[in-house]
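Single chain ahead, by itself, as C-alpha cells, in the form predicted alone.
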C-alpha cells in the first residue's frame, strides 16, 4: 500500500479518528439497546447483520453470504442454524443444483430486516443532511478508501 501525504492537521486527524470510534460505538450501543427493548430481544447485533447480509429477495447462497461477511462456511452454518431455530431464516435447496443451499428470510426475518434497514437509512440521511452533490462524492470517496483499507488488512 502506497502511503499518501495528506495535508491534515493533527487536530483534524485526532477529531476524525475519535469521531469514527465514537460513531461505531454509538451505533452498536443503539442497536443493542433497541434490540433488548423490542420484540426481537432474542437476537444479537451480529445476528442482525447476518440477516441484513441475507437480504429480502436475493436468496443468496451460503457461500456468497460467508464470503460477504468474511466468515468460514462452518461459522456461517452454525449462525444460520441458530437463526433458523429462532424463526428468522430458512434454508432452501437451489432448484437447479440441489447441492447448493440458498438462504431466505422468514416473515419474522423480513420484519426485522426492514426495521434495521430503516434505522440505517435514518443514519445515512442524517449523515449527509445539508450536503451538496460534491460533498456527498467526497464522503463516498472517503468511505470507499476506508472499505478498501479494511478489506486489505483482513485478507
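Positions refer to the first chain, counted from 1. Quick caveat: nothing in here was measured; it's all calculated off a predicted structure. Rigid core: the largest C-alpha set superposing within 1.5 Å between the two forms.
The same protein also has a form predicted in complex with a further copy of the same chain, omitted here; what follows describes it.
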- Contact residue in the predicted bound form, chosen from 123, 111, 45, 100 - any heavy atom within 4.5 Å of a further copy of the same chain: 123
- Going by heavy atoms within 4.5 Å, which of 102-110, 82-90, 57-65, 115-123 lines up against a further copy of the same chain in the predicted bound form? 115-123
- Query: For the spot marked by 129, 139 and 142, is every residue within 4.5 Å of a further copy of the same chain in the predicted bound form through some heavy atom?
  - Reply: yes
- Message: Does any part of residue 36 reach within 4.5 Å of a further copy of the same chain in the predicted bound form? Heavy atoms only, please.
- Response: no
- Item | Proximity of residue 26 to a further copy of the same chain in the predicted bound form, heavy atoms at 4.5 Å | yes
- Query: Is residue 70 one of the residues lying within 4.5 Å of a further copy of the same chain in the predicted bound form, judged by heavy atom distances?
  - Reply: yes
- Query: Once you line up the core, how about residue 23: does its CA shift reach 2 Å between the shown form and the other one?
  - Reply: no
- Superposing on the rigid core, does the Cα of residue 129 end up 2 Å or more away between the shown form and the other one? yes
